[in-house]
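The chain below stands alone, shown as structure tokens; this is the form predicted on its own.
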Amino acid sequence: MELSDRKKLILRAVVENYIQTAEPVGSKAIVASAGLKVSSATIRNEMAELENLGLLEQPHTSAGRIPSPQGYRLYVNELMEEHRLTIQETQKINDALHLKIRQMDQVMSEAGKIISQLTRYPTFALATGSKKAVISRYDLLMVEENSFIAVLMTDGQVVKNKLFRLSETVSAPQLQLLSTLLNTSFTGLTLEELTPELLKVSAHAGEEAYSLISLVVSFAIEVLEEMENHVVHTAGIPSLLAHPEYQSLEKAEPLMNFLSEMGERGSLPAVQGKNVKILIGPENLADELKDSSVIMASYDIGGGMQGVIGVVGPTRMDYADLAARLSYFAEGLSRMFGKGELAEPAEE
């Protein structure tokens, strides 16, 4: 859609004013903010034409205009300036990225909480795989004579652990033998291959040994099932209520319920190679998101896996600022999973 430079300036001014105020924007506000040396009447005419083009909407006959989903899309694609994070903003994100954790579900959960705190919007985080994950290593650590911790690592460097308490005692040599057997027979196997292999081992393993093997292999099956189901971690859902668009419980409740049940509904659309993807209003497939926007950023986990973090909020979001924050945070996570480095700080 080709627009004159003046129409582009007016559309941009409407979007950015509405982002700040959550109130319909009139011609006087455009004169004050867009720096156009034309009359209010001329601007009203231009806004009427933008409305006819489907880029603006007029919620009330006597009110100003607000952007339509198509208006937001044109703004994001053509008019939005890239937001440059300050040193203080990047340092805050870098500090948050020094997570003293290594388990994937903890990273996903903590990443969502941090992004929610940084943006004041509900967030989600998930990991997706381009190939079937397998267990690459088992470690069994003695805790007491009747308990041990199983530590599992996948080929994508995802680490999971679980404490097992037993009714019978177990010795360190027994755990060492069990660990050797697990690493010999149960590594490199997909979810579908673990159970048949367990049945093979049951034919020649003693009852006590098989009981321990079955415990750990069942845990491995749980881990791989969780990874294939793409568990979605959400955070900050109540923060929706701080925004004018959701102060009506009738409007907020369906979206809050959707976010709470997001993990059961399945993952959101993939970012598909882009670092940042923005879905505005009706571009979202879920009915509960038709009046909201979703901004997502992807990062590399390694081992054929990709992580996705995102925020959900009203279409009146500061897309440039949020995209910059998500992009920088995702880049930091990629570096953390890769070389263990953080992104370079921004300039003042």
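When you see a residue number, it is the position in the sequence shown, counting from 1. Model, not experiment: these values are computed from the prediction.
Omitted from view is the form predicted together with the DNA, to which the following refers.
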| item | value |
| --- | --- |
| Contact residue in the predicted complex, chosen from Gly64, Gly307, Gly281, Gly313 - any heavy atom within 4.5 Å of the DNA | Gly64 |
| Distance check, Leu285 to the DNA in the predicted complex, heavy atom within 4.5 Å | no |
| Ser68, heavy atom within 4.5 angstroms of the DNA in the predicted complex | no |
| Non-hydrogen atom contact Met47 with the DNA in the predicted complex at 4.5 angstroms | yes |
| 4.5 Å heavy atom contact, Ser33 to the DNA in the predicted complex | no |
| Heavy atom within 4.5 Å of the DNA in the predicted complex - qualifying residues of 37-60 | Lys37, Val38, Ser39, Ala41, Thr42, Arg44, Asn45, Met47, Ala48, Glu51, Gln58, His60 |
